[in-house]
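Just the one chain here, the form predicted alone, laid out as structure tokens.
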């Protein structure tokens, strides 16, 4: 069947369907109802009571009249049922159309919410169905699907009833083939695909529709996870990576130079990395660890293994500030090893940049740290063995694969201080092996978090004054840069001026995202050097430099921040041995979600627990924050609500790819037909051609 075979399909309607992305009959089958109307609850008018649940009444039209004036004009229709009681239906908008739907002494069915007005029970704008007689109720025994609309549909006069008639026509003339493997159907008790479409569009009850929807959610997850498994399989097959083993430099770093003992989490992560690097296959690993968990030390160990084997290493950070911090950290650790390591950023002078690029291409540079510019095409490596990407949670599969193809297939280590909930890890990070560092380095004390109201501000400022007088430093974080009339939020610039007046003897800096990079760098450097005692900032410090002496953070309008964002901000303090304090100062009006976020921050310092709670509150799109996040789009499945289904789909898909990598077996013929175009359409997302 073709789309043009649908009845009542004008050229205008065909164009409207195409504009809405519907080009084939099956596309229309995937336009699932947004809700269902249950007209089977038929009630006598005499027994009606006011209720929030709609009901159906069947009666004979007694009278109809148009009453009121101008904008107050309305149609009133009175019906009487077999109980002898009467009900009034009232129509305000479109009454000229509705008046044609009623003829005196004819039976009609009205569906809506009943309310009492005066001596009549009444329904405002009920749905109207003609019936031949009171016993003509068969049409109300099935749920009625209500389909989503669009601006394209409205202009072409495509309503829910018309869509239903098209879907019924397609289901009656098309046999939709099954493509899920038989063992999957039987293991999970899924219905056949054609039956699932019927049960979504023509259900007898809500449970039928729910079971069908679960099958389609699984189907979405299954195709996606097949793709991720295929990518991983391709990486393994193409990645006869260089074998890297710890040598003199690595051993000297851990045995002689490192001034502290590794945590158990760091040891496990390094063991995972070593296994990968010695396997002869290209490493593709994510190290997850909370802020301050010691991921950088693990990355240094991995990079030294590459250098020990005559290869180069590179580390990319998302900002110049963070790249500079990594460079300085790495410098203090590996300078005694006599290596040539360079910093590459966009703000460097041409002569210096040319000198660095020459070093990298010639091979005399062992290790380079920088921003995303490190992996641009014009940067030529002599022999890149390992690439490390920090704070990479905003990039997707495509960007990771581009780096894996850089040079002679270097090993890849990705680090994230944003704890990723399991449901997200099963999607955007399915192609990565994951190591988690949960413990903090010895000597670190958990940050104490408290909520204080505006009435307690004086006591907060007294505490701040006392702490800074004792040599501490502090952040004061605001959600906006400048005052907004639309939102009653304290802003950073006004807060900066007030704090300068309140603390005239202290050095106070202001930092926000609208400043030029070199200006931001200068402000952060003065704070890091201890020249600035209080830094007033927006969330630009969420991923920022390490200032161990900063032990206090005040977050204004804390309820306006996401949970993970609050946790990231709090991670800027508690980097030294001092006890640190995070003070959350909310506005006067707190929503239920706002109260929940603040309580969660007080209750736990566990980033993974916070991330799970935040994901449930905000959903995956808002949690990751940007379109470049690498988050797949699922029409029907929700990776939070349907996590168990996602896990089942992942296990099934990955097991299948192990057994039949190219889906060449005869029993996977239909699956291959569906999967290949699915994978091709998303090739840019997956980073494969």
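Positions refer to the first chain, counted from 1. Predicted model, so just to flag it, every value in this text is computed and none were measured.
Beyond the structure shown, there is the form predicted in complex with adenosine-5'-diphosphate (ADP), which is absent from this document and is the topic of what follows.
Not one of 33, 206 and 213 places a heavy atom within 4.5 Å of adenosine-5'-diphosphate (ADP) in the model of the complex. The stretch among 292-300, 345-353, 451-459, 151-159 whose residues place heavy atoms within 4.5 Å of adenosine-5'-diphosphate (ADP) in the model of the complex is 292-300.
Listed residues 76, 546, 219, 359 were compared with adenosine-5'-diphosphate (ADP) in the model of the complex; 546 is the one with a heavy atom within 4.5 Å.
In summary, among the residues 181, 495, 441, 594, the only one with a non-hydrogen atom within 4.5 Å of adenosine-5'-diphosphate (ADP) in the model of the complex is 441.
Contact between residue 409 and adenosine-5'-diphosphate (ADP) in the model of the complex is not found at the 4.5 Å heavy atom cutoff. The shortest heavy atom separation between residue 263 and adenosine-5'-diphosphate (ADP) in the model of the complex is within 4.5 Å. When adenosine-5'-diphosphate (ADP) is considered in the model of the complex, residue 252 lies well away from it, no heavy atom lying within 4.5 Å. Not displayed here, adenosine-5'-diphosphate (ADP) is kept clear of residue 327 by more than 4.5 Å at the level of heavy atoms in the model of the complex. Residues from 562-596 that approach adenosine-5'-diphosphate (ADP) in the model of the complex with a non-hydrogen atom within 4.5 Å are limited to 575.
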